Each structure stands twice: as C-alpha cells, then as structure tokens.
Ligand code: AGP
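Only one chain is included here, represented as structure tokens and corresponding to the form predicted alone.
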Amino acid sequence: MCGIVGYIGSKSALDILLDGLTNLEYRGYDSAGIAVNIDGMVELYKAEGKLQNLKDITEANRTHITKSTIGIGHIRWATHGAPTTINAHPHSCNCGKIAVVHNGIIENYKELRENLEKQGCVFRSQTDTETVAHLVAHKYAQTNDLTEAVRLATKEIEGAYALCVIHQDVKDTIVATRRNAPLLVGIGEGEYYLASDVPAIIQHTKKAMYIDDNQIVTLTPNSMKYIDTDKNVLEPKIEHLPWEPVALSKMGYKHFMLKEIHEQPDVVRNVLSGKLKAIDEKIKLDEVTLNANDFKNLTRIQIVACGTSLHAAMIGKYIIEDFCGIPVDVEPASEFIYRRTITDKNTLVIGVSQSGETADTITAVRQAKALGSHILIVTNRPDSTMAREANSLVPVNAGIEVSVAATKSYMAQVISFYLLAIYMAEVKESMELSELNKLKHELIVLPQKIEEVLAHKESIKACAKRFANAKDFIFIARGINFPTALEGALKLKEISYINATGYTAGELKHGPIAMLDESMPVLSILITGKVYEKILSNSEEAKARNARMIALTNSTDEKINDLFEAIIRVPEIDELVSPALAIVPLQLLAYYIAEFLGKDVDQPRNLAKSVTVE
C-alpha cells in the first residue's frame, strides 16, 4: 500500500525521488523518506506526516543532497508500527551501510527479528521492514555481493514485499525484488527508475519492465541484470506505458477528485469506444475468451471485490441476473479467501479492482483459478498482477485516478458491467433484442446526461452547505440503486468523516428507523420505475419521524415538493441504467460537504488508494 521510487543514472536523484513520491502520495501519507549515496556514504532523510515535511528537510540540505545520482524513496501507509519518523522508511542496519524501502507485510518478521537480535542486531523501529535491512546486511557480510545477499534474504522471508536496496560499498547499484506487491523498472538512456506504480515515473520514460514474483533486478547506470531466485538469467520484457504526464495535472480544478468527477462523461465514452458502436450492432469484448457454449454451461457467477469496486460488483450482480438469468454471488474478497472456496469449471469468477493489485482480490481469484474456474478481471490496469491472472479481461479505460476516493474508476467499472451483461445476454439470447437496443441507446446518451448534471451542480452545492454540519447521514434506495446508496454513503464518510450509512429502503423500519429525528438527514434515491412508489412510501415513513429529507430524483411529481427539504434533480433515464447517473450528484455532494468542512479531499486520513496488503 506504500509507495516506492528509485533512481540511478547521471542526474541528481533528489528531485526525481521527491517528484515520484509526490505522484505516489495517494498510496500513503503517514510518513516519507529517502536514502541517497553521497561520497560513498548512505544518508537517510525521513519525516513524519505529509510529504511536504520531508521536502522541507531536504530543502534545508539541498546543496549537499543534490550531489547524489542514486537513491531510493518511500511514502508510507502504516501497517506495523505507528506513523513516526523512526518507523518511516528507508530502514538501515546497525552499521548504517544498507538502506531498504519496502511495500507489503513480512509475515514472519517476529521470528526473523528474534533470531537477528540473538546475533547482535539492535532494532530501532517497530516495523517489519527493519528485519529485512538487518537480514540483507548479514547475508552481505557472508557473500560480499549485494544481489546474492538480497536473493538469500528473500529465501527466508515470508509474506508480501516489494524491496529496493542500496549499499554504501556498492555505490552505483540498486537491487530490487518483489513477491505479491507491484514493482516496475523504468528504462531511460543511461539511467533507470524504480516505482511501485506508473505515475512515479511517467514524466521521465514511457518504457518499462514489470518485475514478476520472485524475480530480482540489479541496476547500474548502464546495465540491468535480471534473474529469478534460483539464479536463472531472465530476458527482460520491455513494455510501453500507456499514460501521459498530463493525467497527473489538476487542470485548473481545486482537487483531483473534482477533476475526476468531471472527467466521467469522457470516461463513459472511452469505455464504450470500440465495444458499443451502434444499437443494432452486437457488443464487442475482444478480450473475453468465453464462447457461446461456455456461457450456456455456466451454472453460476461469483464476483469478488473490495470497497468501491464491491459496490460496482453489486450492480453487476443485479443486471447480469436480470439480463441473463444466471445466479450471481457477490462477496468481499477479504471474506472469500478465508473460507472454503466452492467453485468449479462451470463457475465464472469475476475479480474487480481499480488497481489490479488489491491483495485480497488477487488471492481470491488465484484460489478460484486453482479449482478450474474461468477468471474474468475487470480492472483499470491491464498491466497489473490481477490482469496477468486472467483468462478473460475487461479493461475499464478510466485513466490514472489520483484522488484516493474513487469516482471515475467506479463509473468505468459500472459501465463495463453493463457491457458485459449485454454481451452475455446477446450470446445467450436471453433478452429481447428491442430491450437490449434500448439499453444500448441509454448508454450512448449517458455522457450527455452526466454533463447536464455537472452543468447544474449549484443546487448540489447548496444542499451540501445546508447539511454539512450533520453528524450522521442515511442513504436509502431499493433494487438496482441500493449499491448506489452504499457508494454514496462511502464517498461521504471517506472524505468528510461523517458517519454515513446506506440501507435498502424497505429495511429502514426493521431497526434503523430508531435513529431518525430532526437532526438526521435521509437521502432517498427516488428514480421512476417499478420501486418508485415503494421508496416514496418509505420516505414518508422517515418524514413522519421528523428526519430531514433529501431526494435525488428524476421525477416531476409535484407531491414530492412538500415531502423533501431539498431536491437534487437528474435527467430522465431508464431505471436499469440509472445507477450510472445517480452516483454523480452523490459524488459531488460528498465533495462539497468535505470542502465546506475543510477536509483534505484528495488524501483523507487513514486511507490509501491501492490496498496491496491483506
């Protein structure tokens, strides 16, 4: 979940490291640090809190630090040990010659630490990572070879890791390796970059190599040695990075989140491009390898995901069952992996992840794959670990998403599920052609409807100002928009820290109604369709308990004017496609409430963008 960056070449390393960490700050911002080799000495600079604190420290020593042309950096999301300067990465051994940065969790660190302490090592931090520094130092003392020392150390390490190591006596070398945590090498002219994610290096190079599990790369300014942990020499597979540096700019918006909300019309267009060409043409999903016979043999579908992706998966369940008549189970990947995996060759398992590096979801799809299930991955990162596990792939094409609170990637996942469900319905011939064509038309015109919402957001901003001081918030919906209520509540709690909860409207009277009084806002997602009257009735029940009522609706029914204190209106849309439109004002509502409260919208406390540890 932490961010790693490294550089070796002829340029000064300092600004490259700090810029890389800036572009990785969405992965963690509890503390940060860098290690550089200056005049044959490894020097560490670390700071607690936001990255700016580290920048202030290095700025005071800029003239000295800029001498270095090799370095590694780290931005931390704390797992083991509090977010303090002493626990910040990089970590070193007792002699101070080695520096290590690490993303992941060393599961056997206690046993390693106990053994190393018996050998005389003195630990300064409470982290699992410091054991790696001491362990590599011991192996180096035995071999006098940094690559071999890292290789031998990884033989004793259990768990997940991406590691970058430098040594004072090997001043022109960085050694890096990984297992179940992302790491890539950026390739320049007479220089190399290391990073846990593309944004850290995209402004410097478009050529990269992804390190796979249990592989080790040794970099000097003019060479790259690539082996596995059994010393077999490997052939690098160089890839072209698809993104432009401009994706990391706010483009005039105050926050990345606001920019990314406004990008959603184009995101929908990008997802549909090449897949949905016209309403009378079949959906094209070139990377889905299941044929008609495979679909006919499916007995069920299991979808595993976490967080926002889980809510997209719940919409996927609703529409796949409705369009195709196949039973679909949706489960948090973190729960799926710790019980008996019941799946087989007639089960399609769909993994959903923005980053494609979510640790729990990776484990879940691997467990299902081992039992013969076909694995389909829905991800924003076709270059990710999860995509490499896939038998079929639906890339969502949302582009780089910087804000920790997911918006445009959620939209892209939801649209991808619509495409997948329609595709399956066409293959299975399980739905009337006229109905499918109607849904395709709704998807094609959806970007304009989102643009209409974005063009009339003053009412949403006014609603946010009116309810910004609420201590609690309830979202209710029924049917296909229940996941929308969950996602709207999640967005609000993520960035404003208001205790927001989503409920199916029919469940309100089975307990939650006890919480309602004149201080409780209740937001009803009130889209015209088969459950409209039911939600209206549930809203009446809440109003009768003095709740402060808000409607998100496409209804022109005048009787709602007296029922609701505030009304957020969206354009007319088919109920089946409405989740893709209804979420946009909820994202804006959360954003503006957080803004009014003065919260750090892009970097909410305790959160990180990619959860790469279990």
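Quick note: we count residues from 1 along the sequence shown, nothing fancier. None of these values were measured; they are calculated from a predicted model.
What comes next is about the form predicted together with the ligand, which does not appear here.
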Which of 228-236, 351-359, 261-269, 525-533 has heavy atoms within 4.5 Å of the ligand in the predicted bound form?
351-359
Does Ala405 reach the ligand in the predicted bound form, with heavy atoms at most 4.5 Å apart?
yes
So, in the predicted bound form, is Gly307 in contact with the ligand at a 4.5 angstroms heavy atom limit?
yes
In the predicted bound form, does His134 have a heavy atom within 4.5 Å of the ligand?
no
Interface membership of Leu490, the ligand in the predicted bound form, 4.5 Å heavy atom rule
yes
